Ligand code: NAD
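Listed next as structure tokens is one chain, alone, in the form predicted on its own.
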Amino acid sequence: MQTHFINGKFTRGSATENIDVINPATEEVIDSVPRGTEKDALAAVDAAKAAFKTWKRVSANSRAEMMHEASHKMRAHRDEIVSLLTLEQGKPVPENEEEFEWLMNTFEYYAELGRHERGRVLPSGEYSQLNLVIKEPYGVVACIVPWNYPLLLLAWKMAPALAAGNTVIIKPSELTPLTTMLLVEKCFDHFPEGVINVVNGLGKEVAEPLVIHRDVQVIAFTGSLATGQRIASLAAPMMKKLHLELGGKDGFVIAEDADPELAARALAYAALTNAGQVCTSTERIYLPRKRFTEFRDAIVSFVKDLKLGAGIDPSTDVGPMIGATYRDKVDEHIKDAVSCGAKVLIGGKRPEKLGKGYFYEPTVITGVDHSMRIMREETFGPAMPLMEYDNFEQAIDYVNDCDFGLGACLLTQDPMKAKIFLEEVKAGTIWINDPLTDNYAGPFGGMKLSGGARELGSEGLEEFRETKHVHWEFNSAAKSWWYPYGPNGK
């Protein structure tokens, strides 16, 4: 049985019920966490607020040392962290090993970036003056983390928030809270009391009290558009700083010059990593009409040989989905497309031979268009809808014909096509010939309904600092432009 972590102590708080954590590959209970209440959330706010008074005065060097120590402890518990993450989240071990590397290295990156600068000195209007721009922490930050990358997306919020001098309250997804609690126990135990807090529970019962609390200055959230809109409406009266990353419907264009076998591998990786449960998953694929058959056949041939299975099995390529509700949504999108004239080439159903587990076969579907849900709504599963285009300009128009703007991919050897694509596509990240690769120093975030937050890079640190301008006059004598303005003025 896991607990909350509030003010440096593990506690059940006021919880009277538990939430079971299910292994998505077996549907068996792994462990449970307390179903937190508003009282638990308020206790975490009190702890984080009190700790902020001293944490904000801790030197950047000292904060960096603590963050590096956390990373060292993560490294020491690597196998335990990866194993537990695989059990509760479901991704294959290689994908969770990659998530672990992002967790550890993000802490190291922001440990150093956090002590690089705190603002700047401006040229002053007068010799006797000094003008400073100071970057200050906000205070208490609520990190509301999703289930698909529970450690990576925690680190992308938590590490820059701590480096900037904020205290944090973590609300993990109720589907994947166990690895977060393991981190608290093994890797964050050296931080001062109240600087890091974790409250487990359901969104309306735990997260919403954090969103509306006057002492929580920043809400950092990754998740669905609907939940993001709910958070924004609740926080609007208090004009809070919102850090929202709200998903996507990313398009992938294969240019005419691309190699079909290479395209198949790139597309499968972009669309099927984490069983398609990635905010930047490729969910719309555009193939040139003149070579459509070649690319289609190469994609089907490659996908049919991928192995579906439990993430803990080293031979698995594609693991289970996180739960039945999410699997059902994928199935609904595919059935809707078929009812509108689309054709399933491979997949499109639950695998009978695997028995239990929230599995869904990687699916390739053709004959789709932008009137179908599978091309407009976030599917968030292992589906690859293929659509034809007549020319490159049309392909770009198709990519931009979307309410979301998180990312977009292109496969080509034509530099002019690449330049046009990166300039004309409205998305926060453009991948050319290397889909879904991130860079610690490069900002990640979206446009349009994907939200305007940025994680990673110096922009990721700026999200958790607010700006103050200091105008300091050393000469305390009265100024000639002060009152009075009349003939007696001096």
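Since we're looking at a predicted model, the values are computed, not measured. Numbering starts at 1 and runs along the sequence shown.
Although not depicted, the form predicted in complex with the ligand is the subject of the following passage.
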Selected contact from Gly357, Pro260, Gly347, Gly203, since only one has a non-hydrogen atom within 4.5 angstroms of the ligand in the predicted bound form: Gly203
Of Ile334, Ile81, Ile144, Val218, the one that lies within 4.5 Å of the ligand in the predicted bound form (heavy atoms): Ile144
Taking Pro172, Arg230 and Phe444 as the candidate spot, are all three within 4.5 angstroms of the ligand in the predicted bound form by heavy atoms? yes
Partner absent here, but in the predicted bound form, which of 357 to 365, 102 to 110, 408 to 416, 239 to 247 has residues with a heavy atom within 4.5 Å of the ligand? 239 to 247
Consider Phe252 of the chain shown here, and say whether it contacts the ligand in the predicted bound form, taking contact as heavy atoms within 4.5 Å. no
Evaluate Ile374 for contact with the ligand in the predicted bound form, applying a 4.5 angstroms cut-off between non-hydrogen atoms, and reply yes or no. no
Hey, in the predicted bound form, is Tyr326 touching the ligand, heavy atoms inside 4.5 Å? yes
Could you confirm whether Glu208 comes within 4.5 Å of the ligand in the predicted bound form, counting heavy atoms only? yes
